[in-house]
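Just the one chain here, the form predicted alone, laid out as structure tokens.
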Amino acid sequence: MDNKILERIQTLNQLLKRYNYEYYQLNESSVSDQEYNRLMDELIELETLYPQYKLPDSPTQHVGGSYSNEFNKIKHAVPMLSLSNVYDENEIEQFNHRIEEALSLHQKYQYVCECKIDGLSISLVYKQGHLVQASTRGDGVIGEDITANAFNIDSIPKNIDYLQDLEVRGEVYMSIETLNQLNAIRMKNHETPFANCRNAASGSLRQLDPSITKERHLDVFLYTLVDPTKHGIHKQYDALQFMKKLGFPVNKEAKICNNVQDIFAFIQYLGDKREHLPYDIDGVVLKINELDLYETIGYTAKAPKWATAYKFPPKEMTTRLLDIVFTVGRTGRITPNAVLEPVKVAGSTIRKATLHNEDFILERDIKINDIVVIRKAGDVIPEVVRVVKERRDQSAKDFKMIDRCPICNEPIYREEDKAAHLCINIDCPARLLESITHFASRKAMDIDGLGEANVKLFVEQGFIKSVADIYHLKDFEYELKHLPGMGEKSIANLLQAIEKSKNNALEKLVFGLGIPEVGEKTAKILVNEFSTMDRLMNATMEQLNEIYSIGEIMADAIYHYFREQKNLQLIETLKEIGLNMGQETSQRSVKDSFFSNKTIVLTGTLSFIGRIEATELLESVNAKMTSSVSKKTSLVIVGNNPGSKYDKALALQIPIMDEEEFHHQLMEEKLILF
């Protein structure tokens, strides 16, 4: 029983960390907010019942985001916490009851209800009336320095008539009109349109080139005054008026509510008005108005107890499921998809929705011709929620899983203990199309002009039969000029982009190869560890398992990928073509450090830096990070609540460095500046 509980806690940790990374770093979401919070609530409950199994870097203990190493880091003077969520009137009443319990019986209080803007958090610092610093929330403690970008957002005041030092916080967003205009341009240029306002705003604000931010016409609403009592402010509503008077954009949809009935009425009002607002909101933020009560009510590790966010329910619609068709991914995975009677959900027309796998369909008893409820998971991904069984009629047909690939007609099989069916024919045209499209994608080899439509065209024409054939497209320049829609300029740009991609960093190639289980971040970790393609190809299972953040399943997938002869042949061909295969560590420019070339284990919680950030920092100076203590371990760095790794280090007499020593060493080497 205990093993199953521990396994479930570990699984929840992994899932929530992945979803955090997708949402905060990739500006994407593969699950709905409701699903994410259901998993988070389950983890909180299990950790409460079984505190001995709480992991030191559990997502329940940290704000969900992190920061990119591409930006300078800024440590927030006051942490930027996230908010807890509630989803119905009962949960709002429970939230209010907890407020009552935290305060004395006769303590008077009000709420301020505000729009929950769907954008990206920002903090602005002013000195002597001038904007001097802007940063993202990051992981709540450390954010990204986006000052240059903030100067390119017109609605952010660059100067204010107030000489006292001031910090305000809010949300950067993109208006619906701006999103529509931007997507029209992107589609005209054959670029992928942004899925929603939040993704567009986040991607536009976190640009290394501030001129791109300027072109995107972002806006901002400010709603938090940091250290308000320093400015003589003691109520949240007064803080909003104070910021508004100084010239900050403050959302006008804010209301003082005296009780939960007032809150319910305001939620109804905003829910009715939501479709007509010029910007996206995904809920209502509830805050205690009396700022002096905040310390009494208190905080959790990642959120204040005096505020919460009511989330609007995902918009659902019913439609008829006309058919179930199958697609084949680059790894051969067969995915069933619902063909739907077209229906408009959250502003877009939905004609198809994923059904994930055979088990998903059978568990929900989904049949062809059923009336189904669909929604956009995370307001982005169409999904079938459930069948309206009371509307099922005699036309309903049972689902039957196919036994052959829908593209190449070769037999498919289901892996043991897994839900997915696979086409194992490596020459399957669908797998080829998907793998080449992935290889050329922006996050992989970034070959502009080689999107899915062109890849399909070139495959059909016989110009491309493998990934390596991309680099021989120049041999078909004459034929390309006679294809519809292929002008001389577009062909020249495509061939130039292909040639340029040969010099890409090795991690882009590793990601582009489509190794099972290896995403963009894992590719960077592998290259940082092994330096060259040859060393990565020859890595043993033991070496892969020792890498911090790479588990057994991922290590097994990587190891066996490089044992397939066809994969080795592809890499050898790419090497002959001239693609960058990395260089030995000794040739790379790496800062000499006390930690260089040491095998290090991190255990416990570090108060001044996150576990992932500390790992990346140490790996940047050629430390070898592992997840278990052994005789080969050079150093164990210990934070709060270290657990069994600390005990094992003592038993093996491994050198131990506590948090204070670790922080001092990083400061001494100027690896961190705070």
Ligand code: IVH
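Numbering starts at 1 and follows the sequence shown. Everything numeric here is computed off the predicted structure, so don't read it as measured data.
Heads up, the form predicted together with the ligand isn't pictured, but that's what we're talking about next.
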Legend entry - Interface membership of Y310, the ligand in the predicted bound form, 4.5 Å heavy atom rule: no
Inset, instruction - Verify the contact flag for R206: yes if a non-hydrogen atom of it lies within 4.5 Å of a non-hydrogen atom of the ligand in the predicted bound form, no if not. - result: no
Inset, instruction - Determine whether any heavy atom of Q543 comes within 4.5 Å of a heavy atom of the ligand in the predicted bound form, and answer yes or no. - result: no
Legend entry - Exercise: I117 in contact with the ligand in the predicted bound form, heavy atom 4.5 Å: yes
Legend entry - Interface segment, criterion being heavy atoms within 4.5 Å of the ligand in the predicted bound form, picked from 437-445, 75-83, 518-526, 148-156: 75-83
Inset, instruction - Have a look at N289, S121, S202, T213 for me and say which one sits with a heavy atom within 4.5 Å of the ligand in the predicted bound form. - result: S121
Inset, instruction - Answer with one of R137, K508, R375, H421: the residue that has a non-hydrogen atom within 4.5 Å of the ligand in the predicted bound form. - result: R137
Inset, instruction - May I ask whether F458, D469 and L574 all come within 4.5 angstroms of the ligand in the predicted bound form, judged by heavy atoms? - result: no
Legend entry - Stretch 170-188: residues contacting the ligand in the predicted bound form, 4.5 Å heavy atom cut-off: E171
